[in-house]
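Only one chain is included here, represented as structure tokens and corresponding to the form predicted on its own.
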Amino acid sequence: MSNMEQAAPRSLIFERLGGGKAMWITTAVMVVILAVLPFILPNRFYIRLVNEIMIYGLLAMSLDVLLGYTGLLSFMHNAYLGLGAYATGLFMIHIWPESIWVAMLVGTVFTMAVALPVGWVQVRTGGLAFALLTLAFGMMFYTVAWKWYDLTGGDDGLMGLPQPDITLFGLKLASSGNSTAIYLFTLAILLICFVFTWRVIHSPLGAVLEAIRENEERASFVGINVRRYKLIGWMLACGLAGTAGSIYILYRGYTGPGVMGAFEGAGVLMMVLLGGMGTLWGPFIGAALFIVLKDQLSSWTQDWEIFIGAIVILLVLFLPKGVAGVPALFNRQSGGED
């Protein structure tokens, strides 16, 4: 291989790693705004709402890794949020209630441990079969959480979560029972996960995942082990979902089988579609839109699902790339005028 042929892939990788300066400036501004929000908003309801948006935004981003970058559809990705939440809660209640960090690690690792054999089975299929298997496994996890009353609390949910201190290198920062502290903790974990995921996606691994999404057969022809890389993408997505679940139970102090239900899974998928696939930041916009619309419409009518569905249908028809596709739409229009 010539030097020019070797330099081309490296230059492409460096271009991918160095791009998106506007995105990072916007991200920094948003992080600053979110960090000061609990100190300027007197109404704690809105702080809890933003906290929920951040958690579900992380879950939607994890699904975007799977759908937007690897091309794999999961109907019940929220089941892995539930696994992370239950594992974290059970560990803190029955084994070690003192450390949030260890509990979160246990929740994430447990979720990935469950996801590994599931993913091993699923990646041997593709397309609709893969999606249906995610639905089947998700319903199994939901049923276990609902029926295993002695362990999970059944339909009553898992309650009685301890509220240990949030520490860093032995230094006590705050109590996890403090709503402002857990909000800032959520923001910090969210930022770490976002930067980590962005780095993975904008690496050679991310390029391979995108190649599989674009043309799985051609990727296999050039020597890529498609099943292995699909499994890696699946594990990354489920690990992020498990982390979201750990934060969820720390923030709520409770979890139940409802978070693992099919309707919640459809909601997460709607968040990705609303925000835009293949962007990482789009799902956070989608999560904000979905949760705010749900909160507002449910205060007006009990049939709010009808209106949410109608809004999503209109957006899919007229804005197929979600909110993330709006800048490109304006660019095309301005280019046409020129």
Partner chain sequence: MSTTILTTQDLSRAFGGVLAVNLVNLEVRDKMVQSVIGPNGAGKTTLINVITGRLAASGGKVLYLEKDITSRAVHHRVKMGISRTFQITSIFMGLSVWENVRIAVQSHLGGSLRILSARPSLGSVNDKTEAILKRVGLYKLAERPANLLAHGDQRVLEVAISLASDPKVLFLDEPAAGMSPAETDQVSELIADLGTEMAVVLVEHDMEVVMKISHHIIVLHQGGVIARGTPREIASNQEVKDAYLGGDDWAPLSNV
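This is a predicted model, so every value here is computed, not measured. Residue numbers count along the first chain shown, from 1.
Omitted here: the form predicted together with the partner chain. The next part is about that form.
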May I ask you to choose, among M139, A266, V208, C193, the residue with a heavy atom within 4.5 Å of the partner chain in the model of the complex? V208
If you check T143, S175, S220, T125 against the partner chain in the model of the complex, which one has a heavy atom within 4.5 Å? S220
Report the stretch among 111-119, 73-81, 211-219, 182-190 that approaches the partner chain in the model of the complex to within 4.5 Å, counting heavy atoms only. 211-219
Taking heavy atoms only, is K147 within 4.5 angstroms of the partner chain in the model of the complex? no
Taking heavy atoms and a 4.5 Å cut-off, does L158 contact the partner chain in the model of the complex? no
Consider F91 of the chain shown here, and say whether it contacts the partner chain in the model of the complex, taking contact as heavy atoms within 4.5 Å. no
Although the partner chain is absent from this view, report whether R252 comes within 4.5 Å of it in the model of the complex, heavy atoms only. no
